[in-house]
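Below you'll find only one chain, the form predicted alone, shown as structure tokens.
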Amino acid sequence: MAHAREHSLLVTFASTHDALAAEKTLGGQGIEGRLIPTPTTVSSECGLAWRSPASFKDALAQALAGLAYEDLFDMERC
């Protein structure tokens, strides 16, 4: 039986400070997600990344306008 693929968004950061600031801001704005270790398939200066469900794409993109981050990835995983 094949598993359904789950889409999520991944935000990478240049520093741990930026990642922690984003966690506080994004959580405070009700954007679902959490900090995770940056996956090995993604290059990042910092070892932390924020992962959110893909359904938060618009809210996340808007919130990131005021935050320091490296990149936003649309990830697909099994």
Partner chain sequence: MIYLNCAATSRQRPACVGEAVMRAMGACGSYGRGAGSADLDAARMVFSTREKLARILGFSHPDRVCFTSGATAALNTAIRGLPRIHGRVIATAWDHNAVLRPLARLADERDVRVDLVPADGGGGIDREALASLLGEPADFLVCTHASNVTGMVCDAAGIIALAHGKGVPVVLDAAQTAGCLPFSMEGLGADVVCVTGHKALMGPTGTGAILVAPGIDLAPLVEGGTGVRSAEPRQPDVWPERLEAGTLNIHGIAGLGAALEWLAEMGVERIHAREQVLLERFLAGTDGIEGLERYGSFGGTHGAIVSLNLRGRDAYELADMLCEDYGISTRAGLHCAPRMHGALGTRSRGAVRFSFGWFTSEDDIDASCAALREIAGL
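Here the structure is a predicted model, which is why all the values come from computation and not from measurement. Positions refer to the first chain, counted from 1.
This protein has a second form, the form predicted in complex with its partner chain, left out of what is shown; the following refers to that one.
- For a residue to qualify, one of its non-hydrogen atoms must sit within 4.5 Å of its partner chain in the predicted complex; none of L26, K57 and A61 qualifies.
- P39 falls outside the set of residues with a heavy atom inside 4.5 Å of its partner chain in the predicted complex.
- In the predicted complex, at least one heavy atom of L35 sits within 4.5 Å of its partner chain.
- In the predicted complex, its partner chain sits beyond 4.5 Å of every heavy atom of I31.
- Within 4.5 Å of any heavy atom of its partner chain in the predicted complex lies no heavy atom of P53.
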